[in-house]
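One chain comes next, on its own, written as structure tokens: the form predicted alone.
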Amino acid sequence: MITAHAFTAISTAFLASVVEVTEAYTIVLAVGLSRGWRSASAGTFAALAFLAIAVAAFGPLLEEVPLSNLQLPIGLLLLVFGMGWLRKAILRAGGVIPLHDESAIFANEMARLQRAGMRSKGFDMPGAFTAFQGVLLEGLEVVFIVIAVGAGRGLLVPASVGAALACVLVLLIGALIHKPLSRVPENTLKFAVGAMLTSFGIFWVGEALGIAWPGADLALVYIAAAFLLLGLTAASRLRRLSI
């Protein structure tokens, strides 16, 4: 039976990973089309290898650390991370800042790579480095989220499964269409992920301070719902003010 905590860990890791992997895919696609798939693949696999080593090294170590020592620092980090996502989602939904546009990002990346000079006949280093940097940066966020929501409670596996499913889904779609995934509702996903990460942060900080949450793990659900409702209300208010 999947507990509320495990379900939230899986869904949070999945939704966050869809966003991050979509952004990484856009960069790799631009590199592949402009600088060659050999350099794009090399940079991508190098970044994935680095991330795999990091997870293999630090994940099990965190599982050995007592939960009481992890709750407060990870809870505070999740609060900062989650509130950042939620803030941007509110501002985008409220019309204060532009919506995330994967097609525009792809076009800008293609133009930047083309300005980097002539493509090498052999291995293209600028292309490989761009793919490596893009996958590494987006991947580090996925790793942080997986470890943060899974460490200490034996939920690293469920969180990792959620992230892996997202990777497989995005890459399968990308392999089929070979275009930017502009139809992925990234702004909506960031709204949901921001609320969920914030709820994890509040929950962990509360437990570290000795708060007994009503409903135990179910508190994650109603805290996330409260933040989501608050965010939607704030976005609606911003839209009315901008009219």
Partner chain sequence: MKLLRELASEIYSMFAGDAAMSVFVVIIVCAAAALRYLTPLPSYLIGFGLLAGCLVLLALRVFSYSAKARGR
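Only a predicted model underlies this, so the values are computations on that prediction, with no experimental measurement involved. Positions refer to the first chain, counted from 1.
We do not show the form predicted together with its partner chain, though everything after this point is about it.
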Evaluate residue 37 for contact with its partner chain in the predicted complex, applying a 4.5 angstroms cut-off between non-hydrogen atoms, and reply yes or no. no
Should residue 97 be counted as a contact of its partner chain in the predicted complex, where contact means heavy atoms within 4.5 Å? yes
Any non-hydrogen atom of residue 227 within 4.5 angstroms of its partner chain in the predicted complex: yes
Answer for residue 61 alone: is it within 4.5 Å of its partner chain in the predicted complex, judged on heavy atom distances? no
Listed residue that, although its partner chain is not shown, lies within 4.5 Å of it in the predicted complex (heavy atoms), from 111, 125, 80, 172: 80
Name the single residue among 167, 91, 161, 105 that comes within 4.5 Å of its partner chain in the predicted complex, judging by heavy atoms. 91
Is it the case in the predicted complex that 7, 24 and 46 each bring at least one heavy atom within 4.5 Å of its partner chain? no
Looking at 37-45, 172-180, 205-213, 24-32, which one sits within 4.5 Å of its partner chain in the predicted complex if you count heavy atoms only? 205-213
